[in-house]
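Each of two forms of one protein chain follows alone as structure tokens, named structure 1 and structure 2.
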Structure 1
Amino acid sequence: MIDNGYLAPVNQPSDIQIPRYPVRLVATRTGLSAHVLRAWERRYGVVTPTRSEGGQRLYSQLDIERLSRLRRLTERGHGIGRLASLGLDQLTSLDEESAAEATPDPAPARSPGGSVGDITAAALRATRRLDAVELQAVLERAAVTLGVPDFLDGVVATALNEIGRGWTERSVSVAQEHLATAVFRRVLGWLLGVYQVNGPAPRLVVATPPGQVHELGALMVAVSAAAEGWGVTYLGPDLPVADLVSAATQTGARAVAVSVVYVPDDRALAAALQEARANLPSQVPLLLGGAAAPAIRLEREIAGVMVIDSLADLRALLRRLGEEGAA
């Protein structure tokens, strides 16, 4: 919010001046040590935080702004003694002045890879040969070539379907299936790590409900969300409902997603979902995805559970939720 002085609300102490931040927080946020904060205050009166009843310093948002600028400027060679008496606006102009460093961004060269079909076929060949190195290389290349959405929809989903089909038809061995699972999980985990952010992002908790040990679907959900800019807390397979709820509460999740691949005991799963729904905060949506999700929707509607039919569906939904939250 811009306050140019003309419209300054007189009676409103303007959020940014409310003193409420203790030293330790200001220290980590500005990058200055608590010692330096006190020394600057003592020697130059750089800021004058108010005090709590017990005498502890309480800084305002404005103080933090000022201190951050001061830190940047002192790092560039300005003496704190000279800067101390300057106002925030003067500091800002100085700041911009000396921040004349350019940040050239290199244009990423797109190298044309094979088509989605070719890549998937290559992945399946590597799987049949039990060649984990090759499979991983193919997948990583595909991920960076196609981008996450196409990679997930086009390569991962298709390949997993193929492998699953082959498994039931006995044309894919258990070892091949295990190896593929391990490699897919590794690559998806890598992607999840690549996209993880710690910044101001809506948070999604992802897990697989009790009894569901196949986690690739959950990982795909997690990666999709991470690529959409969400912060993802991935808790893996077979998570008891109570712990799912606790994790969502503790992390302040804006949504929770669970993935189901098959329906071993319909009643137990439905009960688990209902329990989760009942115990999650009501404004936190519970998303149900995975291969078996559409089937479950057909069987019975579970109140308050949103069924995700596809990753595209998920992306659209996440985008809506993210905007709602930001608004």
Structure 2
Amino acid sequence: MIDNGYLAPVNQPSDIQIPRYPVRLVATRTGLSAHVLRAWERRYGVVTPTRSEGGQRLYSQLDIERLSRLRRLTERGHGIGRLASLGLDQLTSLDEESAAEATPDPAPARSPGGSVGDITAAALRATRRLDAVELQAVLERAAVTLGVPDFLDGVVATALNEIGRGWTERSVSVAQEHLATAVFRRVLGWLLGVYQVNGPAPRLVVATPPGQVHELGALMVAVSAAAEGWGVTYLGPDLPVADLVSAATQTGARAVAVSVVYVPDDRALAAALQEARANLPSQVPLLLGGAAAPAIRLEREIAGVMVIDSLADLRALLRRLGEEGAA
């Protein structure tokens, strides 16, 4: 490489190899969301960004080119798992070949892997066929291509609502509902592992209160928090209040979240929440979410308990709490 008339050292990286671009700029240039970038890096190792002194992920121009080609190829139906191991030259050739073969599509542009509605419909079809392998594959592809917010809000929440409604109307069998629950739990647990934060981060303790055995809502909360950069201590369903409080104290939790789906006895839930609120540090918010939370409202909310109506509201609150803690 010639630079200003002098021969550059052999080991000196070229300009396009120097990591200098932050994740927001990379997301803009590649068309990939920050959530998808992180999932592809952790799950498939598609690129290896460096870290600035402040811990910010930095990418090179070569990384951006590679990620751009990966996005285009996945949009044309190629699996990211197979593409991840290919070199840039191979990706370039495949990209050019597939572009030449592609026919114009008059339909509106869709998210990689299909629209949210298409993906949800595919998940429901797999559920009705009792095809756990296909259901898991559909969900994992959607999680990687859509990113956490769209996957949880659009696919998971919609599919679970449809399955629950079908179970009530007897158009979904008990076996189909059980299979779907098991697969969704597996995929959400996998996502939680993918996004789990190592190192310093505000910590959220997540569980369901005593008597609440349905944990998918709590898992969705845990995954949402992890994708927002929080360290998550996930404790599962039906947790005694004393253990919830102890875990929050032991981990130095910045907040505690509990999820409720069905409440046969409002008074028992109110008592559990009152006990938790009374024993948690006053500066630690106690968040209540889940399918039943907005409707119950616990007689206009127990003092000190924040009812969260949606995952979007949860993400906004976590960002605010994180900023307050960093200030």
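For the two forms, the rigid core is made up of the largest set of C-alpha atoms that agree within 1.5 Å on superposition. Numbers follow structure 1, counted from its first residue as 1. Fair warning: this is a prediction, and the values are worked out from it, not measured in the lab.
Matching the description of the form predicted on its own is structure 2; structure 1 comes from elsewhere. Annotation for R277: C-alpha shift under 2 angstroms between structures 1 and 2, rigid core superposed.
After superposition on the rigid core, the Cα of L286 moves by less than 2 Å between structures 1 and 2. Annotation for N161: C-alpha shift under 2 angstroms between structures 1 and 2, rigid core superposed. Core-aligned Cα shift between structures 1 and 2 at E53: this is 35.8 Å.
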